[in-house]
Structures are given as C-alpha cells and as structure tokens.
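In structure tokens, the next block holds one chain alone, the form predicted alone.
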Amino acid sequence: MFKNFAKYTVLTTIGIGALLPLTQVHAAETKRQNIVFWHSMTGQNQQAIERIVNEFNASQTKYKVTPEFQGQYVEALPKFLSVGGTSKAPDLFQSNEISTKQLSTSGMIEPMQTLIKKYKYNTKDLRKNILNYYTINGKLYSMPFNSSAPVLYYNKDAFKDAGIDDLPTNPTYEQVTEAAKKLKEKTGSAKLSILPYGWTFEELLANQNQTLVNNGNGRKKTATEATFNNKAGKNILNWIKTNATAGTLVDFGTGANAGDSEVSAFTSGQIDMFMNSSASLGNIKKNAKFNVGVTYLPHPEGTKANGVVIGGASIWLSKGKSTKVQKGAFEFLKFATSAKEQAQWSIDTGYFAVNNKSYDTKLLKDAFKETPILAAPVNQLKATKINAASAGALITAMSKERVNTQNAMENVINGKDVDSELSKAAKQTTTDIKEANEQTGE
C-alpha cells in the first residue's frame, strides 16, 4: 500500500496439514465446519481479506471459512436478498453501510447482538463511533469491518509553488476557496474538485451537526421526511456555487467513473484539491509524484466541525444457520476484528482499524511514523462528536437520496439556483422515503 510497507506484511498460507500425515489432514478437513463468506473486495483489498481468512483457517481446526467474491456492493446485495432466508444463503455477507436499514428489517439477518449476548463478547475494544452506525435501538446488527470516512486531499508542492501555506488540520470552506483562487492565479486553471456525489453531501451536512432525515436521522423511529432543506444544506450548495462562479472548480460529472477520474486527475497533477475516502489514501500516496497533504473535511466559517459519518461496510450473519455455523462465524469475526488483524488490514488497504488496540501495536505505530499523513483520518474520527448527525441516516431509500442530492450539486455547478435545487432534492427524497416505507410496511 505505502512505500516499504511490505516489510510489515506477514502472510500465513500454511494450512493445518503442514505437519500432519495425509490421512490425518483429510480427517481434520472432513470434520471442519465450512463457513461461506460472501464479500465485495477486489484487487489489493481482496488479497488482504484472503490473508485474514487464510490466517484464521490456519489458526484452528474446527472451522474453514470459504471466501466468495460476489461483485461490487450494488451487485452483491440483490444476490443476497434473492437467497436470504433459504439454504442457499451464505453464512456471512459483507455489505456497505447504506444497506443497513434494508438488511436490518429484511428478516434475513441474525443480529450480531444475539451472538454477543450468547457468547458473552465485550465490544469495548471496538471504536464507539463505528459501532454506532450499525447499532439500532441499542442492538448491534452487523460487525464493523472495513470502515472509512472522507478527508480533503491536496498537493503540498503545488501549494508551495503558489505561495500558499499548508491547509490547517480542520479547514473552512472559505480557506479552501481562497487556496483554490490562488492556485488558479498561479496556473491559469481550475484546481479544485467538489464531486457531485450524494455521499459527499451527506458528510458535509453531518459535519455541520445536521441530520439528513427526521426522527433522529431515522434512529429514534422510522424516518418520514428529509431535513436537509435548511441553512446547512444551503451552505454546501452555496460553497459549490461560489467556486463554480469563480472558475476554480473542475466538474467530473456524475457518471459511474467520475470518482476514479477525479483520483487520477489528482495524482497526475490536473487538480490540486479534492475530497475522497480515507481508504483511497494508499492508492493516492502510491501514484502521486508529489507531497500529498491530508486534512479533515472542511466546514463553513462560524460553524463548529461536528465530524464525519462512517462509511465502508460491515459483515452480516444470515438468519437460520445452525449453532455450529453461528459459533464458527463469530469466531472468525472476532479474529478478523482483533487488534493484530485490524492493524495489518489497515496497512494493507487504507481502511480504519476498527479495534482501538490496533493503534497501540508496533505495526501501526511504525506505519504512522513512516507515513505521518495516515494520522489525519484517524484523528478526524477520534475528534468526531457522537450524536445523531454523525451516526448517519437510516433509510431504505438511501440510494435514491444520493441521486437526488448529487443532481442538485451538479445542477448548481451548471448555474442553477441553490434554493430551488435544494428544495427539489429534499421534496423528492421525502417522496422516496414515504414510498419505501409503504413498501416495507413501516
């Protein structure tokens, strides 16, 4: 992931049969309970998740976890929903954070809280604000695993060339805009990207301590309407409009590859500032030919930063599985979220370590010392206030909300009115929420 990080990687590929006669190997393998684990990791992340599986399988002889790639999250969820509650359902299933409401009410899931209580597991070592996202009415529904949050990336060399000081740890919209104007003066080109993406809107809203929907962001009871047609929502769109009008903004659009194009534009020097997931840090650091700066997500001047909503994914347990399967699945999840495994996972992928004790390991301490910018996303998460806004919204219509808000962002970039676009997005989201609630009987 980062330069010289290979020296920290320890791959365990030796199975239980390494020191056993062949007949004993076959007997041991036959007795093992198979645990089918559907996931959506690709490339380097897939290698990292398979490392965890291999190490778990080699660490004991009762269970064998079988990882099966099911496509991206958007492809894997329908697959699971089509077999959930049947014998064809996987034992464990990785799904992204915005599916939380849908899965928790599907009737196809055994809440993680059931196993926590049954096996007297203490979650105190897991990060509280990450647990909060997947906790509903005091019950943990899934096990946090690959967690991330947005940060602001910038080109420190470009800033220096333009005579601009490094951005502060916790910058304001106004400071980012001022830097964007100076970069344009120096280069003659727009150098800032604010990608029209619903997740970005949600995060900028939460950082102002504002909920996306009513009823405590859908956590006190089922949400019935959008709540972002307010000052906080206008702050976001007005910031976008200010930069679009000033000619400091590069628009990558709303296409499926817009995010990848934005990252590539940054690492190639086409743009010098943008917001993206902390999980992208490894790829960015690897491919950028300049000094990369990382700061917290910006907030409006005069508004205290509230912090970020957790992103990424968690792992769910299918309902109706045998006691032996449940036990094996839970043993794997405890292993995968242990301090050592999460430290290595974080180094391999760029995701947060969800275990607090991971940050005390020599592995992560050495990594932070070698690459100091790793600390910014972690420190931002630590500084995040625990409240309804940072817990994130729970609605089944989350994917539709993201389309509505991204369209508002894109339309404002293209000159449309802030108030009307925000109002339209909020009204449509409320309609989508009501329709989803009717379909689910809520």
Partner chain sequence: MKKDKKGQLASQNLLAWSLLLPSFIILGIFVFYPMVKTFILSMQLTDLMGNPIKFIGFKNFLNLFNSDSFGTSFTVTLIFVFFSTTLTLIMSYLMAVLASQKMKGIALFRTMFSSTMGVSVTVASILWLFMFNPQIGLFSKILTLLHLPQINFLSDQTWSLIAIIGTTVWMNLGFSFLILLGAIQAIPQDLYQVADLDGASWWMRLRKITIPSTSATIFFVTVVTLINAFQTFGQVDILTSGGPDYHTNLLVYAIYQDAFVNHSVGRASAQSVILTIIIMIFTMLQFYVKNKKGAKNAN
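Given the structure is predicted, the values throughout are model-derived calculations rather than measurements. Positions refer to the first chain, counted from 1.
Absent from the display: the form predicted in complex with the partner chain. The rest refers to it.
Student: Looking at G163, P168, G138, P78, which has any heavy atom no more than 4.5 Å from the partner chain in the predicted bound form?
Tutor: If I apply the 4.5 Å criterion carefully, the residue I get is P78.
Student: Of S40, N57, N411, N45, which residue is found within 4.5 angstroms of the partner chain in the predicted bound form when only non-hydrogen atoms are counted?
Tutor: In short, N411.
Student: Evaluate I386 for contact with the partner chain in the predicted bound form, applying a 4.5 angstroms cut-off between non-hydrogen atoms, and reply yes or no.
Tutor: Looking in the predicted bound form, residue contacts with the partner chain do not include I386, since no heavy atom lies within 4.5 Å.
Student: Look up in the predicted bound form whether Q270 has a non-hydrogen atom within 4.5 angstroms of the partner chain, and give yes or no.
Tutor: Yes - in the predicted bound form, heavy atoms of Q270 and the partner chain come within 4.5 Å of each other.
Student: Spell out, yes or no, whether the shortest heavy atom distance between T227 and the partner chain in the predicted bound form is within 4.5 Å.
Tutor: Contact check for T227: no, nothing within 4.5 Å of the partner chain in the predicted bound form.
Student: Within 4.5 Å, heavy atoms only: does Y359 come near the partner chain in the predicted bound form?
Tutor: Y359: no, not in contact with the partner chain in the predicted bound form.
Student: Since the chain is shown here on its own, which stretch among 393-401, 48-56, 61-69, 373-381 would lie within 4.5 Å of the partner chain in the predicted bound form, judged by heavy atoms?
Tutor: This holds for exactly one stretch, 393-401.
Student: Listed by sequence position, which residues of 404-442 have a non-hydrogen atom within 4.5 angstroms of the partner chain in the predicted bound form?
Tutor: The stretch touches the partner through N404, N407, E410, N411, N414, K416, K424, E435, E438, Q439, T440.
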